[in-house]
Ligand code: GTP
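In structure tokens, the next block holds one chain alone, the form predicted alone.
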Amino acid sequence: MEAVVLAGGEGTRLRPLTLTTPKPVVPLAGRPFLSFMLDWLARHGVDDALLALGYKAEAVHAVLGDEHHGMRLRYLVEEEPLGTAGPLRLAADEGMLAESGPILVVNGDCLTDFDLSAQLRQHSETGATGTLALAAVEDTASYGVVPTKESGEVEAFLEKQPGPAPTNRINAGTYVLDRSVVDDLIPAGRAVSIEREVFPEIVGSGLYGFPFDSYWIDIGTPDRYMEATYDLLAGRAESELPRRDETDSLIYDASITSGARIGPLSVIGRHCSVGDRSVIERAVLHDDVRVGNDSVVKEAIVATGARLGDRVRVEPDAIIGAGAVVESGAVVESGARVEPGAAFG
């Protein structure tokens, strides 16, 4: 079974992390983010994934390669951004999709463990034109709201509209589509929004919802990136992560932390060094980070290769870019963004 993974965005809300690392392979709990989605797809029988990429596509390929635990990985590179539907038409025109059978499409910025096999079964049993996974969220303002009838048929597709929402069920970014949707409803040669142009066209013509209550999160912002990290460390989302320590923290290979206090809910990447009496609390260090003595990093992200001197304080919601240097005694205030390679302090 094949899946199309839409992962072509620039990840602007995750800058400065995505200035140097494309969003699909930004480290999440020490692993390329997209590897969690590939694991999930594999658990439900997907053995062929077509990754639709744009920004820094070569870097994604370099990290993920052509195979993931037995799953074949193929790559479709958009020369110009094609939106959320255009890549499907391009893949069809390039002969990269199966000529018959349903098409499974997933947004590449979601972390979930819902029962994808059940969604595929429902699609087959109802003879649907399309079946949309629908997650329940507390705040619908940032998402497309999808009210359904008792039969499960979609009544409307209300993409990010102001005002009270008729339901808390939102588009969770996983679709099963009949091939005719791609061939007949997605025009070639331009960017197309599947949410605004395609789904409204098939409301009333066999578009169904698949509601679920399992774990789901979109990691498109720093806040949700950190929330997903904590959920993975605490075991609230299914994963194949290594065993965490007694503080629900992960310390990867060849890192030196013996004189420091690590945790709770922290990630120390590979080949990191954290100095004596330093504290890393509910924070993420990517690989090859150096933290001096008597420093504190709390609820913040420090990207690959960054260097923090002695007595540094990094406050909540700050992000330090790859290769940046924070001088001894400096305070990186809450919400600050230190650009990759910059000298701070």
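Throughout, we count residues from 1 along the sequence that is shown. The structure displayed is predicted, hence computed values, not measured ones.
Below: the form predicted in complex with the named molecule, not depicted.
Partner contacts here mean any heavy atom within 4.5 Å of the named molecule in the model of the complex, and among 148 to 156, 100 to 108, 239 to 247, 201 to 209 they occur only in 100 to 108. For residue 78, a non-hydrogen atom is located within 4.5 Å of the named molecule in the model of the complex, even though that partner is not displayed. Of the heavy atoms in residue 7, some are within 4.5 Å of the named molecule in the model of the complex. With a 4.5 Å cutoff on heavy atoms, residue 83 counts as touching the named molecule in the model of the complex. The named molecule in the model of the complex is approached by residue 11, whose closest heavy atom lies within 4.5 angstroms of it. Scanning 52, 289, 312, 301 against the named molecule in the model of the complex with a 4.5 Å heavy atom cut-off leaves one residue, 52.
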